[in-house]
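Let's start with one chain on its own, the form predicted on its own, as structure tokens.
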Amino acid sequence: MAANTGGRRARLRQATLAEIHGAVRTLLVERGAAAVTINAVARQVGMSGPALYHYYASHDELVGAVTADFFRELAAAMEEARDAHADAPAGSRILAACRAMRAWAIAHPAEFGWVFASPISPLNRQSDSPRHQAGQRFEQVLLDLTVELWQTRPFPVPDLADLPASLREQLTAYSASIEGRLPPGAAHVFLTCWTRLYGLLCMEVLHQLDFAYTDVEPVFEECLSGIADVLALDRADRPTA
């Protein structure tokens, strides 16, 4: 009987957590990030602010948990696109995952902005936080594919001696943090491609390109073509959208 009671309580708690996360998303999408306060979320789910603290100890903890949801959702979309081309070369799967990332971003601009254009609190920078762990799953999608490409068809990398000393040190540290799966030069190429993609997506989702473009897809495809050039992908490995 005690086990059944515990299981029921766990299910009820999970249902309440899902309702809380849904309320956060509704407030975010309909009213913006500033509207996501403990009291506003509590009102949405029919409880008091103090009652919500039984589920999350702080606003930062709540933000981290919901951000983790968004990271997992985005990573799943990218993984699905990758796996839909399971027999294709790594380069083709990289481009498919990038396109899936953009599709998710433009379909969920509020969530994308919440994840990528908001400050990260010290709590959510901790390696054991749900946000950090879900973010690592997202990071691994493109990192794993780039490692696979590097191992099977190495792409050109810069001479580290030509890079500023500070950059060399940071690339060496990053390479060590991923257990040397990409050497510093290859890590530089990977991070350069990532920041180029990320920067364009942020500008599109945050409407920073509206002054010039009404349709950013060709610009995005041009960006992907540039990334494909940097990664030395064969033309046959560059399927169009």
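Counting begins at 1, following the sequence as shown. Rigid core (definition): largest C-alpha set, two forms, superposition within 1.5 Å. The structure presented is a predicted model; accordingly, all values stated were derived computationally and were not measured.
Here the subject shifts to the form predicted in complex with another copy of the chain, a form of this protein not shown in this document.
A.B. asks: Are all three of 170, 196 and 219 close to another copy of the chain in the predicted complex, meaning a heavy atom of each within 4.5 Å?
C.D. replies: Contact check passed for all of 170, 196 and 219.
A.B. asks: Can you tell me whether residue 53 touches another copy of the chain? I mean in the predicted complex, with a 4.5 angstroms heavy atom cut-off.
C.D. replies: Taking the distances in the predicted complex, the answer for residue 53 is no, it never comes within 4.5 Å of another copy of the chain.
A.B. asks: Can you check whether residue 215 is within 4.5 Å of another copy of the chain in the predicted complex, heavy atom basis?
C.D. replies: Result yes; residue 215 sits at the interface with another copy of the chain in the predicted complex.
A.B. asks: Just checking whether residue 163 would be counted as a contact of another copy of the chain in the predicted complex - the rule being heavy atoms within 4.5 angstroms.
C.D. replies: Yes, contact at 4.5 Å.
A.B. asks: Spell out, yes or no, whether the shortest heavy atom distance between residue 117 and another copy of the chain in the predicted complex is within 4.5 Å.
C.D. replies: Taking the distances in the predicted complex, the answer for residue 117 is yes, it comes within 4.5 Å of another copy of the chain.
A.B. asks: Could you work out which of 209, 57, 176, 34 is the residue within 4.5 angstroms of another copy of the chain in the predicted complex, going by heavy atoms?
C.D. replies: In short, 209.
A.B. asks: Which one, 65, 28, 203, 42, lies within 4.5 Å of another copy of the chain in the predicted complex by heavy atoms?
C.D. replies: None of the other options qualify; the answer is 203.
A.B. asks: Please pick out the stretch from 146 to 154, 94 to 102, 109 to 117, 81 to 89 that is in contact with another copy of the chain in the predicted complex, where contact means heavy atoms within 4.5 Å.
C.D. replies: Stretch with heavy atoms near the partner: 109 to 117.
A.B. asks: Heavy atom within 4.5 Å of another copy of the chain in the predicted complex: which residues of 138 to 155 qualify?
C.D. replies: Residue within 4.5 Å: 139 only.
A.B. asks: Relative to the superposed rigid core, does residue 54 relocate between the shown form and the other one - that is, does its Cα move 2 Å or more?
C.D. replies: Result for residue 54: no, shift under 2 Å.
A.B. asks: Hey, does residue 178 budge by 2 Å or more at the Cα between the shown form and the other one once the core is superposed?
C.D. replies: For residue 178, whose C-alpha is compared between the shown form and the other one after core superposition, the shift is less than 2 Å.
A.B. asks: Following rigid core alignment, is the displacement of the residue 193 C-alpha between the shown form and the other one equal to or greater than 2 angstroms?
C.D. replies: No; that C-alpha moves by less than 2 Å between the shown form and the other one.
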